[in-house]
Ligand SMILES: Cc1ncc(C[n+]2csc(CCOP(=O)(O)OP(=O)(O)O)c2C)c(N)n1
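Here you get one chain, nothing else, as C-alpha cells; it is the form predicted alone.
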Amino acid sequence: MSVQPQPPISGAAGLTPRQLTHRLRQMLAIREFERLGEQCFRDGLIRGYYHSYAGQEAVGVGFLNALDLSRDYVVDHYRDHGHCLLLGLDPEQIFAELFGRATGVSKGKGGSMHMYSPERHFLGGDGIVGGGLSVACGVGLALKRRANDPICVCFFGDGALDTGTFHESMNLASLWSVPTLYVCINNLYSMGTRVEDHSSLSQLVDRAQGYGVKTEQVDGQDVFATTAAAERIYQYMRQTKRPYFVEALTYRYQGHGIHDKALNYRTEQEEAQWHSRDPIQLLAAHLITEKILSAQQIEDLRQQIVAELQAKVERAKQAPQPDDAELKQDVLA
C-alpha cells in the first residue's frame, strides 16, 4: 500500500508570527543550500557523493527547533546538510567541508556524509545505513545518568529498518529504558525500492512496537504537525526516560543521491502529488492567509537567502586545503 500525502496543513501549533517567519527562513535556507550544493557538485567542487534534503525540510525544522542544545544531542545519517544548518552551523563551514577545505566542519576530512560538531551537540552524519542507530542508543544510556533530563534524537531513513542494527538498537533502547527518539524519515524509497517492496509491514511504526517502544506517525510535510509532535514527545521522554519511535511521512524531491534521476521507479503523477503539498509552500500559504507576510516579502526573503549563501560559497572556495599532517590527526589506534 503506497503512502499518500496527508490533508492540508494543520494549524500554527502555538507558534508566534516571529517563530513562523523564522521557520520559513530555515526551510528556504535548506532548500536553497541544497540547490547550490548540487550545482557545486556538477561544477566539480565536491567529490564523493551528495544526498539532498530538499522536500523533507519540515521534519528537521519541527524536531530540531524543539530541542534544548544546552543538554540534548543529535545523531544523524548521511542526508545531514539541512540538520547542520538547523543546529546553527555556519553555511560557509558546511560548504567548506563539502569542498574538502581545512575550514570545514570536519576539517575537510568528512565531506558530505560526515559532518560533525561537538560544540553544537551534533555527533555526526554517518555513511553507513543505520550506522547511527546503535550510537544513539549508547548516547541515550549515557544521558540517562545525567540530572537535567537530556534526550538524544536519531535521524535515519526507512531503509535502515532492514538492518540488524535497527533491531538490536530498539531492543536495547527499550530494555535499558534510554531517552532516545528514533525519527524514521520515510520518504517512501529505500534508495530506489518502494516501502512495500522491502518491508512486509507497510506501516513502519509496527516494526518498532514489537520492542515495547511507543510509536506514532507524523505528517512530515506539515511543520506544525512535526513541531507539535516534537514538543509533546520530548516532554514524555524527559519525564519517563523511555525511547520513542516516530515515522515521519515525507518525500525527497531528488533521487537517492545526485546521480540517481529516479526515472525508473517514480511516476510524474506521484511527484506532482507530493509537490502539491510542498512544506515550504504550505507554510508560506499560511503566512499569507494570516497576513503575517505577503507573497512579495516571501520572495524577497528567498532572494536575500540566495545572495547570502552564494557569498558563503565564494568564501568557502577560497579556503585552504588541509595540511598533509592533518591525515594523522583525530585518528584512534
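Note that this is a predicted model, so its numbers are computed, not measured. Residue positions are given as counts along the sequence shown, with the first one as 1.
The next section is about a form of this same protein that is not shown, the form predicted in complex with this ligand.
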Requested in this report: Verify the contact flag for residue 132: yes if a non-hydrogen atom of it lies within 4.5 Å of a non-hydrogen atom of this ligand in the model of the complex, no if not.
Outcome: no
Requested in this report: Indicate whether this ligand has at least one heavy atom within 4.5 Å of a heavy atom of residue 187 in the model of the complex.
Outcome: yes
Query - Close approach of residue 79 to this ligand in the model of the complex, 4.5 Å, heavy atom - result: yes
**Report entry** Proximity of residue 158 to this ligand in the model of the complex, heavy atoms at 4.5 Å
**Finding:** yes
Report summary line: Note: exactly one of 144, 256, 214, 120 sits with a heavy atom within 4.5 Å of this ligand in the model of the complex, namely 256
Query raised in the report: Between the options 201, 191, 102, 175, which residue brings a heavy atom to within 4.5 Å of this ligand in the model of the complex?
Result: 191
**Report entry** Region of this chain that lies against this ligand in the model of the complex, out of 240-248, 82-90, 123-131, 225-233 [heavy atom, 4.5 Å]
**Finding:** 123-131
